[in-house]
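In the form predicted on its own, a lone chain appears below as C-alpha cells.
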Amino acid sequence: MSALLDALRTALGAGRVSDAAADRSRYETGWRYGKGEAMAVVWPSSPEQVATCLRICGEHGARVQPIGANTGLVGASNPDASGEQVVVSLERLNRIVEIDPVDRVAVVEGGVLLSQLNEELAPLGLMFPIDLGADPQVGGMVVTNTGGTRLLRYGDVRRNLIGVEVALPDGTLAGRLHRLRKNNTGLDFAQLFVGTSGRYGIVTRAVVQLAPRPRQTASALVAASDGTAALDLLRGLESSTGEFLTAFEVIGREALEITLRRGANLRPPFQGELPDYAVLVELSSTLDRDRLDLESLLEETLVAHAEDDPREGLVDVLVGRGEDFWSIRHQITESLREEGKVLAFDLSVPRSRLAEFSDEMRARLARSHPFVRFCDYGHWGDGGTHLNLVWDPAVVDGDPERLWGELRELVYTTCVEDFDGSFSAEHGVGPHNQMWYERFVAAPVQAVASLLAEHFDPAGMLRRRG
C-alpha cells in the first residue's frame, strides 16, 4: 500500500491522495444502503488524472471504487468491507467544458452536479431535463441511467445522452465527444456505459442533450377513487393535452396521510376523508401565457374528464397550487422514515397493470404481514412505483433480517413473476439488488454483460467483493 500511495502522490500531488480515516469516512457510507472501508481516497481533477489513477492502481494490483455525489440508493457508490479499495472521488472533476445553444448540447466533466449545470443553463433558457429529488453528478447519472419525475415528457439519461469519454481500467481514455443526434455507423459506444454502475469504466466527460426551459407550468391535485380511476385519467390527459403533459405522479392514501402528518408546513389539500389516490398532474409549455393559458386548459380538461366518466372516479379536483402540491410529493420519503422502519422498493410494471399490482400487493401483505403499512407512490405516468413498507419495530417479534428477506421475496416475486415487472425501475442493481439480478435477469443478458466486463476490466479492478 505504501508504494501505491507514493506513486499516486507523485502523479497527482500530495494534496490529492489521503489514507487518513477522517478523509475516508465520508465516502464509506451510502445515503440509504452500503457501508464499507476504503484503503485510501484520491481526488483527480482532470480526465487524464482519472486515467492515471486507474493505471497506477492496476500496476499495483489495487481495486478501485469510483464515487460521485453519493446519492445512490442500492449500495453501489461505496467501497466494500475489504479495506482494499481506492476510492476515486470525482468531485474536483467539475468543469462545464462548453454549452452550445445552437446544437442544444452541453459538454461537461463527470463530476459536474445537476444543479450546477442547470444554473449555468438557466440564463440561456435551457435545462438538462432530468428532475430528481437528489443532486447527483452527471457521471453518476450516466452510469445509473437516472429518470425522475418528468421522465414521462423528457425521458431518462439514456435518451438524453449523445457522447461520453471514459477512463478505462487499463488507464486509457476512450470514447467520442461528438454532438451528433444522427450517427448510424454501428455500435453506440456511449450506451455501453449507461446503467452499468461504473462497472466498465469511469465516465470523465459527457455530451448531454438540452431542452428548452418551460415558460409556464400548470399543476393540479386530483382525488381519485381508486387506481383504475387514476389510470383512466392518465389516458384521458395524454389524449387531450398531449405534448404538454410533463408529470403524472400518484400518491396512495397511506403515504399521503403520513406525509401530511409528518411533513413540514403542509396543509391537507382535500376536505374530509383522504382519497385512495391523489394524482399530481403537471403541464408545461415554452409558449407564453398570452398565447396559451395552460391553467385554463388543465382545468377544462379535468372538468370534462370528470363529467364524461361513468364511474365517477374523480372525487375532487384542485388546480393552481403547484408549489404546495409538489411540496407534498417531495416530503414523502422523509415523512415515512419518521413513522417507523421503512423497506423501500423501486419497481415498474406495465402501466395498464399498476392499479391491479397495487391492489394485489396490498392484499398479499395484509394476509402475510398485517402489521406492515402499505405506502405506494411514484411515477405512474411512466410505469414506475415506489412501494414503501412501513412498520413499528417495537411491535415486531423475531429476526429483523428474516422479516426483511420475507418481504423482499414476496414483493419481488409478485412484481417480476406475476406482473412481468422490474425489480429496479431506475435505482439500479448494486449490492442491494445483486441476488435478484442473478435470479431474474435472463442468462443470455447476464452472459453478455460478463463478456463486456471481462473485455474492459479483465483484472477485476472495478469489481466489488461481497
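Here the structure is a predicted model, which is why all the values come from computation and not from measurement. One-based numbering along the sequence shown.
What comes next is about the form predicted in complex with (2R)-2-hydroxypentanedioic acid (2HG), which is not displayed.
Trainee: With a cut-off of 4.5 Å between heavy atoms, is residue 377 one of the residues that contacts (2R)-2-hydroxypentanedioic acid (2HG) in the predicted complex?
Mentor: Judged by the heavy-atom cut-off of 4.5 Å, residue 377 is in contact with (2R)-2-hydroxypentanedioic acid (2HG) in the predicted complex.
Trainee: Hey, in the predicted complex, does residue 153 get a heavy atom within 4.5 angstroms of (2R)-2-hydroxypentanedioic acid (2HG)?
Mentor: No, residue 153 sits far enough from (2R)-2-hydroxypentanedioic acid (2HG) in the predicted complex that none of its heavy atoms falls within 4.5 Å.
Trainee: Find out whether any non-hydrogen atom of residue 333 is located within 4.5 angstroms of (2R)-2-hydroxypentanedioic acid (2HG) in the predicted complex, and reply yes or no.
Mentor: Taking the distances in the predicted complex, the answer for residue 333 is yes, it comes within 4.5 Å of (2R)-2-hydroxypentanedioic acid (2HG).
Trainee: Decide whether residue 344 counts as a contact residue for (2R)-2-hydroxypentanedioic acid (2HG) in the predicted complex under a heavy atom distance cut-off of 4.5 Å.
Mentor: Residue 344: yes, in contact with (2R)-2-hydroxypentanedioic acid (2HG) in the predicted complex.
Trainee: Given a 4.5 Å cut-off on heavy atoms, tell me which of 423 to 431, 61 to 69, 404 to 412, 47 to 55 is the interface stretch with (2R)-2-hydroxypentanedioic acid (2HG) in the predicted complex.
Mentor: Careful reading of the contacts points to 423 to 431.
Trainee: Among 329, 373, 305, 199, which has any heavy atom within 4.5 Å of (2R)-2-hydroxypentanedioic acid (2HG) in the predicted complex?
Mentor: Contact residue from the list: 329.
Trainee: Could you tell me which one of 224, 237, 73, 319 places a heavy atom within 4.5 Å of (2R)-2-hydroxypentanedioic acid (2HG) in the predicted complex?
Mentor: If I apply the 4.5 Å criterion carefully, the residue I get is 73.
Trainee: Though the partner is not shown here, which residues of 385 to 417 have a heavy atom within 4.5 Å of (2R)-2-hydroxypentanedioic acid (2HG) in the predicted complex?
Mentor: The stretch touches the partner through 386, 388.
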